[in-house]
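One chain comes next, on its own, written as structure tokens: the form predicted alone.
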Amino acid sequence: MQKEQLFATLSEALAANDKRAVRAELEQMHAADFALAVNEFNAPLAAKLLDLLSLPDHAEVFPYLVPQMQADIAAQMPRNELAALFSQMESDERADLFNQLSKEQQQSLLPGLAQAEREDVRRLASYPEKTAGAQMSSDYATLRSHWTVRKALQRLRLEAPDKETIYQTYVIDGDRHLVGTISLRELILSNPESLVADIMLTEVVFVRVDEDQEDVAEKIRHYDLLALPVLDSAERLVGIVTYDDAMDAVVEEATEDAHKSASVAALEAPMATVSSWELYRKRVGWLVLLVFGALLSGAGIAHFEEIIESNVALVFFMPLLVGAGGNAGSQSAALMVRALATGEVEMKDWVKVLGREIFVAGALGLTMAFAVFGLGLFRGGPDIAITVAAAMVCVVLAGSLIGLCLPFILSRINMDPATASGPLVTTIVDAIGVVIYLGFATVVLGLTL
């Protein structure tokens, strides 16, 4: 069913207060698809709609709502209802929602939770955003190395309904130190009387609670894992990050990088739901800054005003040259930002990458110079053609090197390299391109400033 059709159906059911109709729609689809339609309602109506569901279904749909919608609905719920919802949610989703509540709401909610849930929420919510600790779930299964396979399977049967995954289980000692891991497949295929210690893997890939979520996702991808154990500073197992949570982090980081590459601050909600004021606020800062950056180009043009007046044909090629430099710079920046993000290139590769970029950019500049030389002859004669061709080589080379170096520099000073893409590189290269082009014109055409 299309989202629009589902929205209409749910609107009718909500108007009639028809619980059966709402629940019937959810039974026919995944909770994530149901949540897409719920997101189309305003928060008060969405809250009323979710109230028509059973508590387990409510808890299943709720995490798929956009964060702002979750916070708005939670703010309207009585404490006892919100506490009941929390008790049905998975641990990591509980912590995410808790962090979206105001301090007053958090303090009001905590007394309504069971002690174990209260301590779990506090612990998971205490980790910094975008770290493994903030991503992890405490709903994982553990075994002991001295157990038999038979006992291990019996334990997993009892724990399975409450755990996020049992396909990979972690073996711990009495102090919760991680000593091994074992898959459900290995347990099923092993002799029931074998010891877990004899069949578990002792070389376990793990992450620390303070590791960046991008590094967590990269390890899950690199080792092709369903989940990744998280250890604290004392080497104790404190949680797991599952592949679906890692995928959410990848999408979040990719979205943030895409916004930064266009000089837009990160949005706190999907673009379809974010307010006009929020869009304005996130975009205006960089636009104003880049406007003043563009004044450098204007200053360069003003400085060479005499030569432009004497050779009007130079103006025809100015957009072409600065555009070529900006495009080359954006290409280099995009390649370098991605390479740094995936770990393909590190700071120690600087000299090697720089040398190769000089060669490639030089070849690109010569190719483009050859392409515009004939146009220069046609529009302004040999002197203009030589000026345009020579400037093209230098502008493309300069743009490419700026696009390459800026991500490295930003990474070195602990800023996000994604900021170096798009408008920022183009603005810098435009100013430099104007100076290079008109400087060449001054030399080749034999004029004085």
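Being a predicted model, the structure only gives us computed values, none of them experimental. Numbers follow the displayed sequence, beginning with 1.
Separately, the form predicted in complex with a further copy of the same chain exists; it is not shown, and the next lines address it.
This chain is displayed without a further copy of the same chain, yet in the predicted bound form the stretch 357-365 from 173-181, 105-113, 357-365, 123-131 comes within 4.5 Å of it by heavy atoms. Not displayed here, a further copy of the same chain is kept clear of F41 by more than 4.5 Å at the level of heavy atoms in the predicted bound form. The closest heavy atom approach of E235 to a further copy of the same chain in the predicted bound form falls outside 4.5 Å. In the predicted bound form, a further copy of the same chain lies farther than 4.5 Å from every heavy atom of P78. By the criterion of a heavy atom within 4.5 Å, M347 is excluded from the residues contacting a further copy of the same chain in the predicted bound form. Taking V149, A324, A74, M89 one by one, only a single residue has any non-hydrogen atom within 4.5 Å of a further copy of the same chain in the predicted bound form, and it is A324.
Taking N99, Q331, T142, S194 one by one, only a single residue has any non-hydrogen atom within 4.5 Å of a further copy of the same chain in the predicted bound form, and it is Q331. Scanning 149-185 for heavy atoms within 4.5 Å of a further copy of the same chain in the predicted bound form gives R157, A160, P161, K163, E164, T165, I166, Y167, S183, L184, R185 in sequence order.
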